[in-house]
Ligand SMILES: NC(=O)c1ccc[n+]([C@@H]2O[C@H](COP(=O)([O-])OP(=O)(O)OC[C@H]3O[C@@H](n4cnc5c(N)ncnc54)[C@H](OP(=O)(O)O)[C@@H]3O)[C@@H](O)[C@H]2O)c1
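So this first bit is one chain, no partners, the form predicted alone, shown in C-alpha cells.
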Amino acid sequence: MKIVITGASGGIGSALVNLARERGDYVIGISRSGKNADVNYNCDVLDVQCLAEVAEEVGDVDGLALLHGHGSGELWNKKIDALSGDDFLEVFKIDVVGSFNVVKAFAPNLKTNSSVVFATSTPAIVGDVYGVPYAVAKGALISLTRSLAKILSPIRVNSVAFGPVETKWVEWIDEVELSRFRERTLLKRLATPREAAEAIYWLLSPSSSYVTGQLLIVDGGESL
C-alpha cells in the first residue's frame, strides 16, 4: 500500500510508519520532525496550500491516516474554571479543521478501494475530567468520520477510539494518577503505540474491506 500519515513523528504515528514499512508499504509522512517515513513533508495541517502541493506531488494513495493533534500538558490539566472558549477553538482547529483540510487535499488522490482513518479517543464517548477540549474535538471527529463515509463512498472512512496509550500524555500526570488509568482498564495496563498502530493498519488495509463509517474501540475494556 501507499499510505499518507499525518502526525508521523508522534507516538502512534511513528509506530504506524515503522509497522507499515516493515510490511512493505510506501509511507509518506506529514509532520514537523518525522524522519522514519520513506518521504516526509514538513507541512502544517492548517496550511491548505502546502497540503495541496504535497497531494499533487504524491499522486494516488491507498490509505490516509489522520494521527496529528493538539498536544499541551498545561491544557490537558486545566480545570473547568480556568478553561476558555479559545482553548476549545485552538484544539478544534488543529484536530478537526486540520483533519478536514488533509482529507480535502487528498480526496482526488483516493481510489475506489482507498481507506481513511481518524484517531479519536474513548473520552469522546464517555467524557473525562482531564483534557475536556480534547475530548470535545475527538467527538467531532467521530461525527466527521460518519459524514465523510457517506460523502466519499465507496472510499472507506473509519475512526479508532483509543483508551490510554503510552504516548507523551503520560508525562503530564503523576504516577499515582497514571496507575488509576491502568486500573480503569480490564487489562490493567496501557496500550503500546504498536498495538494502537495495528488497529489503524487493519482499517487501512484490504483486510477491513467491508468496514466503513465505523468507530473501532481499542481501550482494553476501559469504557465497559
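Position 1 is the first residue in the sequence shown; the rest follow in order. These numbers come from a predicted model, not from an experiment.
Only in words, not in the display: the form predicted together with the named molecule, which the text now covers.
Q: Does each of Ala65, Ser159 and Ala197 have at least one heavy atom within 4.5 Å of the named molecule in the predicted bound form?
A: So, no: the whole triplet misses the named molecule.
Q: Since the chain is shown here on its own, which stretch among 119-127, 147-155, 79-87, 106-114 would lie within 4.5 Å of the named molecule in the predicted bound form, judged by heavy atoms?
A: Comparing against the named molecule in the predicted bound form, the contact stretch is 119-127.
Q: Even though the named molecule is not shown here, does Gly220 get within 4.5 Å of it in the predicted bound form, heavy atoms only?
A: Judged by the heavy-atom cut-off of 4.5 Å, Gly220 is well away from the named molecule in the predicted bound form.
Q: Would you check, heavy atoms only and a 4.5 Å threshold, whether Arg32 touches the named molecule in the predicted bound form?
A: Yes, Arg32 is a contact residue.
Q: Given that the named molecule is not shown alongside this chain, does Ile28 nevertheless sit within 4.5 Å of it in the predicted bound form, heavy atom to heavy atom?
A: Ile28: no contact with the named molecule in the predicted bound form.
Q: Can any non-hydrogen atom of Asp38 be found within 4.5 angstroms of the named molecule in the predicted bound form?
A: Judged by the heavy-atom cut-off of 4.5 Å, Asp38 is well away from the named molecule in the predicted bound form.
Q: Only counting heavy atoms and a 4.5 Å limit, does any residue of 154-173 reach the named molecule in the predicted bound form, and if so which ones?
A: In sequence order, Phe162, Gly163, Pro164, Val165, Thr167, Lys168, Trp169 come within 4.5 Å of the partner.
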